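In structure tokens, one chain follows: the form predicted alone.
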């Protein structure tokens, strides 16, 4: 295990060093102005400025740590609510397949619509602030988890239902003690996919109608013509997304 972990760390370090070298070489060889293509050192300096003093030239001098906490708070509220609602609804609809046959056309009609397309209605209904971003995250995470949970229940081995009936379990007990554990591995795969999608749309949701958060900071850096701060924020978003994916994979192993 230690050898595998050490190999993963080594591969990660090497890949990042290669990326930084290629980035720096492109800056030195190319004739791009600094405002359009900042160097790694410039991005690091911008990151440190964002972390300590906030974005210079902005009307909001909130530091990066506060933006991260605000975004994580919105993400936790939207993602947790979507997962709980989607798993519960998926278990019921997968168990009562006849009901799902009527619900499925409506789901398939709404699912392809990008969550950001709902933004005008969400802003009108909820106003500006945390609610629009939370609603966007909820929509982004709900449908993948719902459909995967329904599919996992529908394709569950029939022997599990027979065993539940033999033990005299009620439908509620069967769903909680038999169906949910049997469908759990497939549900966890959908949770990982939904997590990445929800994190992407968090940034989109914060770009409109929010006065804080990483998405707002991206728009703020763009308006201030600070491409170095823009890249620093983008890298921060990527690192946090990577850590969230690592965390949910660890949670899956722990529960399994």
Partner chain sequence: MYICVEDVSVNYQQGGSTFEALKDVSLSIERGEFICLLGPSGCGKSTLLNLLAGFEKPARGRVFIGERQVTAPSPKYLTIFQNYGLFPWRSVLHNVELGLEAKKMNRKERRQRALKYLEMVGLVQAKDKKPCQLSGGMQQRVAIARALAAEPEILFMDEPFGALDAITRMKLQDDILRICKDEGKTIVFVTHDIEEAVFLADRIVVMEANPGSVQGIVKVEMPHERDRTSDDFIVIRDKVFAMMHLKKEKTVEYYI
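Residue numbers count along the first chain shown, from 1. Model, not experiment: these values are computed from the prediction.
Only in words, not in the display: the form predicted together with the partner chain, which the text now covers.
The closest non-hydrogen atom of residue 98 lies beyond 4.5 Å of the partner chain in the predicted complex. Proximity of residue 168 to the partner chain in the predicted complex falls within the 4.5 Å heavy atom cutoff. Within this chain, residue 84 is remote from the site of the partner chain in the predicted complex, having no heavy atom within 4.5 Å. Using a 4.5 angstroms threshold between heavy atoms, residue 181 counts as touching the partner chain in the predicted complex. This chain is displayed alone, yet in the predicted complex one of 114, 172, 124, 159 has a heavy atom within 4.5 Å of the partner chain; that residue is 159. With the partner omitted from this view, the residue of 80, 103, 128, 163 that lies near the partner chain in the predicted complex is 163 [heavy atom within 4.5 Å].
Contact with the partner chain in the predicted complex, judged as any non-hydrogen atom within 4.5 angstroms, is confined among 115-123, 173-181, 144-152, 84-92 to 173-181.
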